[in-house]
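Single chain ahead, written as structure tokens, the form predicted alone.
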Amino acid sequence: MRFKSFSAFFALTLALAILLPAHAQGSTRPLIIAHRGASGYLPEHTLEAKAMAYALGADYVEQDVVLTQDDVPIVVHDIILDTVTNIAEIFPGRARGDGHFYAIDFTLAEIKQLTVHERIDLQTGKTAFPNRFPLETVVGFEIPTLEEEIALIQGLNRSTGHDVGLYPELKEPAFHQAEGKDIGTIVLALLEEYGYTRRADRVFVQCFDPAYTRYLREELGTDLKLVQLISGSQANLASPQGLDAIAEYADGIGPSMSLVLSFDAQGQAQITSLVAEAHARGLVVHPYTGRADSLPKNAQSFDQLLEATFIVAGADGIFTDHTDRAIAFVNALQ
């Protein structure tokens, strides 16, 4: 696998230069899942952000996956490209009627012409997180394919001796189906090509759509570990009845942090029964998203959030934008 940009080569060099011996090989400590890579430090889902997350010690690296017009799985958080690329500048006039530019309307060759930048608020044009990587800095970040990212992680696993896992999310499968594409079939085939077929393999496949997550297990027949994502608006899935249904097809849940804990006016953590209920059904729990620069209301520090998540609530892992800080916390527990 060849990387075409100097920045991707630099990312590999960075990973090898500052790799920390923090990966949890056979450890029972909580898993640290790099949310969109090292997205607290570099533009999300770029190969550079993934290499840095690897270097910082992530146990798993997340990939949000959508399809291009020519059926190539690419790694970008949304089915639209407006918020993280210069697509309106490169392809003016290619937006749909709602004003958005959809990845599925562009070939991979076209998408590779885009430059990725920090996520922006489309209403204000300002970055979503003002103290992160400067919006005006032009480095030449690209949208990677899922295959490029798998090759990067597997290559680093070989060269470093670690075994960092993949954590792909299938984005909006119903949208893809309406466009005549089955994202699960395509992604599972690629994972199989790279050796990921068994539940014991270092990969979790996640999705917000419960019918589709079940479809992956029961219709497509995957044996990979499945995680049912649960947003704050899907609280019914976090009920005892919802968890009973999830346990029929999934290995874990990825709930919004708000479904696991909150902080009262005095800054004390208030824990729900969700983690305990999930564990009673044999499900692991990986809440999202731990951000040092965007704490839940009334939380006093990132360490307090991690303590509440792991020690008080008993979660098995966390999606975080700040891998290094989460790794430091869990390593201190040992």
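All values derive from a computational prediction rather than experimental measurement. Numbering starts at 1 and runs along the sequence shown.
Note that the form predicted in complex with ligand G3P isn't included here; everything after this is about it.
Of the residues given (Gln206, Thr145, Thr85, Thr222), Gln206 alone sits with a heavy atom within 4.5 Å of ligand G3P in the model of the complex.
For the three residues Ile74, Tyr102 and His176, a heavy atom within 4.5 Å of ligand G3P turns up in the model of the complex in no case. Taking the partner from elsewhere, His117 is found to have every heavy atom lying beyond 4.5 Å of ligand G3P in the model of the complex. Within this chain, Glu169 lines the site of ligand G3P in the model of the complex, having a heavy atom no more than 4.5 Å away. Although the partner is absent here, Leu229 lies within 4.5 Å of ligand G3P in the model of the complex, judged by heavy atoms. Interface membership of Glu48, defined by any non-hydrogen atom within 4.5 Å of ligand G3P in the model of the complex, is ruled out. Partner proximity in the model of the complex, defined as non-hydrogen atoms within 4.5 angstroms of ligand G3P, places exactly one of 62-70, 300-308, 277-285, 264-272 at the interface: 62-70. Contacts with ligand G3P in the model of the complex, taken as any heavy atom within 4.5 Å, map within 302-334 to Phe319 alone.
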